[in-house]
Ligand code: SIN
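For reference, the chain that follows is the form predicted on its own, supplied as structure tokens.
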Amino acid sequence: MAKTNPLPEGLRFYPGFLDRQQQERLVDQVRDVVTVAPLYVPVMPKTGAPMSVRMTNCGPLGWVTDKDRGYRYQATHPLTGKPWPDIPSEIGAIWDAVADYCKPPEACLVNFYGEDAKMGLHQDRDEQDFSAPVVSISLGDTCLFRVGGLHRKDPTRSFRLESGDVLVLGGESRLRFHGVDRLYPGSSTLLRQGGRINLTLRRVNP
């Protein structure tokens, strides 16, 4: 499938990258991950305010946040204390197909969005290696995704991410602010109870 790139340099959008059967297999793999590493509600640094998404991870490292220690990567689930499960092979294969990077991802953040969940504008900058891209995989309900510039107050633009879409933030767009404004409940039948799963693949170390 040919890619389209109507967006800023380094931000690559692959609409409909995954067909329905591929999406269903990924959802099954995510369920296996959640069985080992349960979803939990992360909280903001300093304030301890809960985020509106639930999350977990797979891979050698997982992205976590809490009130006292803030944003960071660690090798174990913060509630169970157990190592994160491996990144499923089909998820890793998507990185291989679109990342254009010589090393595998070290972390796959799994965010589950209920119908009222959102994600404020933020940068992915807790990694040591900014030469590696961030790869985002959308499953389930459509969301309104917003992307800006390298500064929080830069102009933004929004577009929809649908189930099966893949987005890559790399190169000049690696540190662009981005977020999720809203979901469109009922826009997909992929997840039995509705909602959206976002898989974010990152390389943490050089």
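Since the structure is predicted, the reported quantities are computational estimates derived from the model, not experimental observations. When you see a residue number, it is the position in the sequence shown, counting from 1.
Beyond the structure shown, there is the form predicted in complex with the ligand, which is absent from this document and is the topic of what follows.
Chemist: I need to confirm a contact call. Of 113, 95, 84, 73, which residue comes within 4.5 Å of the ligand in the predicted bound form, counting heavy atoms only?
Modeler: By the 4.5 Å heavy-atom cutoff, the listed residue in contact is 113.
Chemist: Hey, in the predicted bound form, does residue 161 get a heavy atom within 4.5 angstroms of the ligand?
Modeler: Heavy-atom contact with the ligand at 4.5 Å: present for residue 161.
Chemist: Using a 4.5 angstroms cut-off on non-hydrogen atoms, would residue 198 count as touching the ligand in the predicted bound form?
Modeler: Answer yes; at least one heavy atom of residue 198 falls within 4.5 Å of the ligand in the predicted bound form.
Chemist: Considering only heavy atoms, tell me if residue 203 and the ligand come within 4.5 Å of each other in the predicted bound form.
Modeler: No, residue 203 stays farther than 4.5 Å from the ligand in the predicted bound form.
Chemist: With a 4.5 Å heavy atom cut-off, would you call residue 178 a contact of the ligand in the predicted bound form?
Modeler: Residue 178 belongs to the contact set for the ligand.
Chemist: Pick the stretch from 116-124, 73-81, 99-107, 86-94 whose residues have a heavy atom within 4.5 Å of the ligand in the predicted bound form.
Modeler: Looking at the partner contacts, the answer comes out as 116-124.
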